[in-house]
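This text opens with one protein chain seen in two forms, each one given by itself as structure tokens under the names structure 1 and structure 2.
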Structure 1
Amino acid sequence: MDISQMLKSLQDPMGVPFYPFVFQVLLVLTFALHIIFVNLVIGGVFMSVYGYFKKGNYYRALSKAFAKASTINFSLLIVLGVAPLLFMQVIYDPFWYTANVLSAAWMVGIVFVLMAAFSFAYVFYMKLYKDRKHIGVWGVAAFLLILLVGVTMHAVSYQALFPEQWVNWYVGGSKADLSGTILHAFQLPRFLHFIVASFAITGIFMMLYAWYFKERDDMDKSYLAWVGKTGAKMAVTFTVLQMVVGVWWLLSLPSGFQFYRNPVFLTAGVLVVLLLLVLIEAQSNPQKYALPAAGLALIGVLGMTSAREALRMLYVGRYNYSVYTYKLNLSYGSTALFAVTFLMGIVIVSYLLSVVFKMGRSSKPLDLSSLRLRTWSVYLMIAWILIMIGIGVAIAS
């Protein structure tokens, strides 16, 4: 069968319930959020282990802070991963499903690996706060397992881009490999591009940490300054390194793509250069530059994930696949349901974040009962339930 015909036949006959471009935007947006937390967990778990093995009070305090933050970031990583996983399957289903089945045992396996990694990170965090000795093995194990998950996710996403190989991987030779125990494709620079970025992002996170806690009267000012400096140094070093890996990765792409001329990629590149300039400037006063650096990093990551999508379009375009020609079965009702829920979610998330932001900056208990979003958050959810009951009654009658 011709590859492009095969891909067409694998697309779901249900079609998509709204314009594919919207799913594509959501895919890029939510993947950016997801990958930032992946970066923070990789870098954070590493720093908590590194700080544990290093001597000195500052490193010990930093280790504790990262051990705690990493458990929270781990939860957010998982929950933020759900959305891109979903949108991916809506517009790139032939690629995603086949690549997954080809390495099925790995994909199911990483769920258990993640459980182990998360548990180990948690054990490390709890033992660290009880000042137990010889606990490094928990942290190291957590870190290595997280990397293993990264390797798997990278390989499966990457093998999705080579449909002409699928049949060969699956039934290469006379005997079919149905077990899904093999990872078929790996591209080192692409993988490293995710890993190196983790340390740059974590460095910026440390700058933010230093900036955020400087208002707290019970925090050691010189410790915070040290965290900011160390973070800024880390951020600038790994951003440069990230650029080197980026060039390596760029050179490894199929030359026909001429990706170095791609406007999305060039925009992302300019953003990263701007970030580097801010980071260089930030070395003398990291706390002052924490917010602009974080803002630019966020936009930079968004630029990079957009470039990643542009690249994917080039890969799948080789087989005449375009998400824009996906069959449409418009469903305004369910699209509105999501849109309304999403807006409501923004309100509630803002409330929760504002509570935690204010609380973290105060060394004393706070009275936040007058925050207006507090009652709004509850009312909005009750309204949501009432609307759904209304629809349900209308459908049933």
Structure 2
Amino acid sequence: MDISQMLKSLQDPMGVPFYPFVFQVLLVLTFALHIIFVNLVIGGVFMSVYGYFKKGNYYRALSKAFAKASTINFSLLIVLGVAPLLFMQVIYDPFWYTANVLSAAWMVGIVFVLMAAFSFAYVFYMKLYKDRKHIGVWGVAAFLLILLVGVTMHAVSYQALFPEQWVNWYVGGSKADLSGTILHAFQLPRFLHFIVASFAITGIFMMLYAWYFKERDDMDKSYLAWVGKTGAKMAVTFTVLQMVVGVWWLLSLPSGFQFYRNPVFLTAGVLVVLLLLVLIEAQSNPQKYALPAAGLALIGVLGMTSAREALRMLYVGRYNYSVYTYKLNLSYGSTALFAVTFLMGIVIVSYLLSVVFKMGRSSKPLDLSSLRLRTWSVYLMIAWILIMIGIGVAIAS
């Protein structure tokens, strides 16, 4: 079987509506945002449960804070996961759809697992704030289900990289396996590379928490100092562990890739080292270094997602597959509408974030008139609605 020809035949015959490189960049950017909230949910739910069982006033307060934040982060995780999923389907459709079909039961079930995980996390949050007893089981169940989602997504994404195995997995002996109940591929260091990072990112989040609330007069300053130091220690410990797991993953890659020489990977590695140095310095004053650490973490995650995409290109390149040779069928209208909507969304989301940021930073009522983006956000929403109505009328007529 000519795998290269098979992959080309599985591509969308209509091609892509714009240059593949643009979709690839958007895939990396949106996946970076998505994975940050994945990390915050995994680490946040764990810390909320850990704080509940740990007892003590500080741990109980931290448990409540993380339980509340995790429900919000969970929602953002799901919303931000849609975009990279769609971009993946545009330029890697032969790999993504085949891997999904091979484990269809898992991919359909993941929706219900996500719903259950969110529900359990929310019940844990609500009962925790009401000081109900014996509620730890809800938090533990939520954490385990989140890990199950991670296992599923990892396995399906990983098995997409081995098209030469697809037929063997599908046939599975003397007859075809139509159940879709098997996860066919799993790589422990690759999976742990995502999980361990969750606790490093969560530690930085705790540093930001201490920095963010330090201006409020209704917050316990000693508690904030404890949160910052605990987070800084957690961040540096798991960043080192993340680097160890990263080396393990690097050594498990096919030797022919020589990925240790890849400039994208080397850049990502330098960013992680810089982050580690900042975190080491932050041990003495976590609040002072919270913003630099968060900024470097964000850039570092972006570097790692870029390296992940470079590695995927090496995997699919073994079969002479390149996103840059995908059939191009330019559609300027739909692309322009997407770009305008995207830019409008940035303005509106920026306004909402600025409101949320200022509301939480002070215990006093917020004067929204000082936010310049408010008027622009309203005008842009009206303009976008009118544009969509106009397009609908034009198509209908």
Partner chain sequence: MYPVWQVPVMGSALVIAFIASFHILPSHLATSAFWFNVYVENKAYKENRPELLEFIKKYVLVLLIFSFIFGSLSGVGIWYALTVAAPKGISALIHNYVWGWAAEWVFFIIEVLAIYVYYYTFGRVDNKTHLTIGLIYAIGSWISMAIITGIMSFMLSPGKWLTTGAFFDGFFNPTYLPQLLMRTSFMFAVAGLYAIVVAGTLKRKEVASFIIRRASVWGMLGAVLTALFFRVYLWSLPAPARELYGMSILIPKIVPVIVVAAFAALLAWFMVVWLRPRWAKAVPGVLAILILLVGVFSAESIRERIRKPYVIGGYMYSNQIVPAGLPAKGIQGDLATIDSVGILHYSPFVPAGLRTIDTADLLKAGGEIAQIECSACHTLEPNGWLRPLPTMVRMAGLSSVDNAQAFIGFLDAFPFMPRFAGTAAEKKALAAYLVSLYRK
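The first residue in the sequence of structure 1 is number 1, and each one after it adds one. Remember, predicted model here, so these are calculated numbers, not experimental data. Superpose the two forms; the largest set of C-alphas matching within 1.5 Å is the rigid core.
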query: Structure number, where the criterion is the form predicted on its own; finding: 2
query: Threshold 2 Å Cα movement between structure 1 and structure 2 at A383, rigid core reference; finding: no
query: Value in Å for the CA shift of G392 between structure 1 and structure 2, taken after the core is superposed; finding: 3.9
